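Here we start with a single chain on its own, the form predicted on its own, put down as structure tokens.
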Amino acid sequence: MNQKNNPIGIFDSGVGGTSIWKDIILLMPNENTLYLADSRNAPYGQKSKEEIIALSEKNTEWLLENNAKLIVVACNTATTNAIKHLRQKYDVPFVGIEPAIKPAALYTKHNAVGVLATQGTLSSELFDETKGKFARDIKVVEQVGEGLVPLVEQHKMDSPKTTELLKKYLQPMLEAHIDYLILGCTHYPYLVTQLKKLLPDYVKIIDSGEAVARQTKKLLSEHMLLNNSNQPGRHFLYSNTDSNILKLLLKDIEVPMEIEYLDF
């Protein structure tokens, strides 16, 4: 079988990684994809490193059993806690995702940036290394977005509770006069509409989606795995809770896709 036609495997601790999936299919419309939403175990950000590694292994093995040619870890917490282990254990290219500190630190005029992320990401060694490398002379206001992932998982992005939490989390960042807000969780791009209402116009919001899509394409090319078919890609997305949330989030995406419940 032609391995180039095999799907790109993508997993996240729920539906948030579809924000990355969208950038991937936009950049590479001929690629097939296989998306795994581990919503049953969301959020990963409050779990131990050992639990995160075990869940990441489980997701990876399912994707490999279903012929994934490359795996995108579309979860900041899983990347920062497990990707090093995954790369050592499995013989497949991996693409990770971490908060976009580098561009924010490079372009900030106020020398202050905010990072909204999960506890698991902010307390990880990889995040600490990235911050130390790129933001040594920058004030970085870190905020755990506790409670936000479950609200996105329930499709409650515009609820009063979401607004209340975002106001609370943004307050210390606004007091520090940040001019960049880094979204350090793939669920958070679904909150951008709300965030823009609460932030001054000069604050730029950045996430890692486009960079991850470009890195995915680069790795596929290096491994000679790019799909050279002229056919539009086919997409299979699975959730181990309510697959209707995935359907709601992706209702405006016009590509051939199937969304189903899967007990995993």
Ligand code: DGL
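Note that the coordinates shown come from a computational prediction; the quantities given were computed from them, not determined experimentally. Position 1 is the first residue in the sequence shown; the rest follow in order.
Absent from the display: the form predicted in complex with D-glutamic acid. The rest refers to it.
A.B. asks: Considering D-glutamic acid in the predicted complex, which of 182, 149, 178, 71 comes within 4.5 Å of it through any heavy atom?
C.D. replies: Exactly one listed residue reaches within 4.5 Å, namely 149.
A.B. asks: So which stretch, 58 to 66, 220 to 228, 36 to 44, 22 to 30, is the one near D-glutamic acid in the predicted complex (non-hydrogen atoms, 4.5 Å)?
C.D. replies: Among the candidates, contact is made by 36 to 44.
A.B. asks: May I ask you to list the residues of 3 to 36 that have any heavy atom within 4.5 angstroms of D-glutamic acid in the predicted complex, in sequence order?
C.D. replies: Counting only heavy atoms within 4.5 Å of D-glutamic acid in the predicted complex, the contacting residues of 3 to 36 are 12, 13.
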